[in-house]
Structure formats: C-alpha cells, structure tokens
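Next up is one chain by itself, shown in structure tokens, the form predicted alone.
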C-alpha cells in the first residue's frame, strides 16, 4: 500500500469502496482489543461525559450538546479553555485527576496525544472506518496516524483563500485575481500606486506564520515533505523564489509594517474599510468582512490563493476521545463524537449544518457540500462550489503537520520567518534554518 507524506500506510488515492473494505478488515482485527465490553449507544444511556472545548461560539457548542443530550438521555459537562494556552491546559487535564472524555484539539497534537495514551485510537468503534472513508482523500491523513490508528474526528475544516476587493483589482487594470505569487506582488504594486498604502494583509504573527509557510510553498508548487515526513523543500529552487517573494512583499510595503503583530480583526477592518485589497486566510473570514458592513464590505469577493499552477493549504482542527474512557461511557462518548464530527443517527450532518450557519465552517466530506441544509445555511455571497472545488482539487493538508514532532518545529518557525521578513536573513539561510528546525524537532521526539 502506498504511504502518505508522514509515513502512514493509508493510500490516499484509493477509492472509497476499496478504502472502506481495507480499513474494515483492520478495524475488525483490532475490535476485540478496542471494544472489550463495548455496548450500544442506546444501552449506554444515562452516562455523564466531560467535554472540553476552546472558546469559539460557546453558545453554539452548548446548543449542540443540549440537542444530543436530549436525544440520548446522556449528560454532558462542558468546560472551556481559552484558545491561547489551550494545549497546555488540555495536557494538564489529561495528566491530572480530571481528564476530559471528549475534547477539542489542534491537529498537530493529535498523534502525540494517542501515543501518550491521553487520547484513544478509534479503530474498531462502530462507523469509525466509514467516517474516514467518506472524507475527501486529501483530508484522510489528518485523522489517520502513521500506524493506521484513527486518532480523531473532525471539528471543522477550512481552506486558505484570497479575499479581494473587486473594484480595486479592476481599477488597477486587471481582469482577474493573481495567478501566481509574482502576479500577487505585481497587482499589489499597481494597487499601491493607486493610493492603497498596504494592499495585502495576512495573519503573519509568530504563532501562526507556519501555516502561511505551507500556503505559499504549495502555491509555488513546492512539496514541503517527502513520504517519510522529512523536509525536502530546502532542496527545491522554487522554495527560494517563494521566500524571496515573501520578503519583498513585506520589505517593499505591500503589507503594513504592523502585519507581524496584527490580529485578524484588524485585517477584517482594513478590508471592510477599503484600506487593503487582498486578505489571505481561511475561507470563512469572508463572512466577517461582509457582515461587518464597512464602506467596502460589498466589494469583497473570494478566489483561490493563486488561480493556476499551485494549490493552497487545507487545514482544520479535531476532536478526540480520552485515552482512559471505557465501557458504557466510551459507547456514549463515541456516539457524541460521531454526531459532532460526522453524522447523527439519521445519517445527517446536523452539527456541521449548525456550524455552516453560525460560522461558515466546513467539513472534510464531499457529502457536506451537497447537503441541502448546508447549501441553504451558507451566505449567498460565498461561492460554496468554489470552496468545494478548492477542497477537492486545489488543496493539500501536508500530513507531516499532524506528526508528534511537529509542534517542536512550529515553535521555531515564527522566529525564523520573521527574521527573513525583517531583513535579518536571506532566502537560502532561511530555507536551511527551517530544514534544521524540522530535523531537530523530529530527532528530539525520538523519531
């Protein structure tokens, strides 16, 4: 079987039927170990589950939990941890005396948590293999570890897109959005000459800039890692083109100098108020711009990061089951996870329909995009067919980003990239430093 970039034995190109059959065999083999004493969700009624999430739309989360509790007669104790510091907080709970039974997690932590026994391997649980088989092939390795373990279910998925001001692009003499990174620079330069001081904004803070590294490498047709999860981008001459472009965007004033510390709210305001022409971030940020009802909000639309030649980054976060959950509580916890991260008992994407309506969040399932309730929930100004096409044909997830060692690289990435943008390093030195950071993080994890 062909390997993924991070060494998984899962063949991401196999069709759904073949994948389901192969994973079903693996699941049946492991079921006695994983499901010892397992009962049905109906038999598990009356359980109390401890669920931990971060603080995004807590009222929506409470509504989803209340609906599931009402239907199943199970109780859910919800606790929230702030986004900043969430990793440390959830790790402390899993180590301590009050571990969560089900919890949000960042995808880059998911394999580590299973390896540490803080989270469960979901193989063999009813419908787990089908859940993975129903995903876009490009998304599967976010949820399947190197050894074939199913480590998580989706909380949400997104693709990096380009929010752009149609009037500014047309006034600069362009008939379409940029088709390459170089065209992005060229369009920004002309729009800047038309009086827009800082045409391009993005969330380039240290803690987040690692995502953009992959957004721009993929846009430049650079494969970041090989199938073993080893960095190979530093050996591709196109990487230097990407890094030189990135540095020039900042050095030449195509972005505001404050872009290294600005938060997404400021970028939303810049777009809505006509102070920027392009905003590169997750697709759902178009909703914030339009609904802020600034003087330019009605001029903003959405496109792929680059129109031809490259791809963009597909990302998303996950939910996991605690590693110590057993028996009736495990059956109830898994039923909750399936409803939250896949389908309810009637086979509907009820949770994802709610997130589509409240936040324009997506799910990594083709069926999500054809669900009539999802289509009705998405705002009219968002092109759901374009977003689906980006998921299906124009994005990659970079499987190494979910490896146990990856957080160590992410922690170093921000400083390295900021040094480049500030002119304290050059493209070649930056590529080398990033590769060393990857290898150091990997060796430090024992891999």
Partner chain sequence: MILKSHRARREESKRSVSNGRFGFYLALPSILVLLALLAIPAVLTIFQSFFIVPPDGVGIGEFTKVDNYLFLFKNEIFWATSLRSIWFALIFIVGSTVIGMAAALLLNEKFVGRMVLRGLLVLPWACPWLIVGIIWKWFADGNIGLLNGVLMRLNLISEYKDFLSDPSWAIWMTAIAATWRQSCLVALLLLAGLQTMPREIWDAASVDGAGIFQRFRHITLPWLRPALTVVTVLNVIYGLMQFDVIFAMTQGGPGSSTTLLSFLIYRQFFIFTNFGIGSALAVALALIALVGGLIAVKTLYRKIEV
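Given the structure is predicted, the values throughout are model-derived calculations rather than measurements. Positions refer to the first chain, counted from 1.
Keep in mind that the form predicted together with the partner chain is not shown, yet the notes after this line are about it.
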Checking 258, 77, 308, 370 against the partner chain in the predicted bound form, the residue with a non-hydrogen atom inside 4.5 angstroms turns out to be 258
Among 50, 412, 392, 69, just one has a heavy atom within 4.5 Å of the partner chain in the predicted bound form, namely 412
Please tell me whether any heavy atom belonging to residue 375 falls inside 4.5 Å of a heavy atom of the partner chain, as the geometry stands in the predicted bound form. no
Even though the partner chain is not shown here, does residue 87 get within 4.5 Å of it in the predicted bound form, heavy atoms only? yes
Heavy atom of residue 174 within 4.5 Å of the partner chain in the predicted bound form: no
The partner chain contact at residue 388 in the predicted bound form, heavy atom, 4.5 Å: no
Kindly confirm or deny that 112, 250 and 441 each have some heavy atom within 4.5 angstroms of the partner chain in the predicted bound form. yes
Partner absent here, but in the predicted bound form, which of 416-424, 394-402, 61-69, 375-383 has residues with a heavy atom within 4.5 Å of the partner chain? 416-424
Taking the partner chain as it sits in the predicted bound form, which residues of 262-276 have a non-hydrogen atom within 4.5 Å of it? Please list them. 262, 263, 266
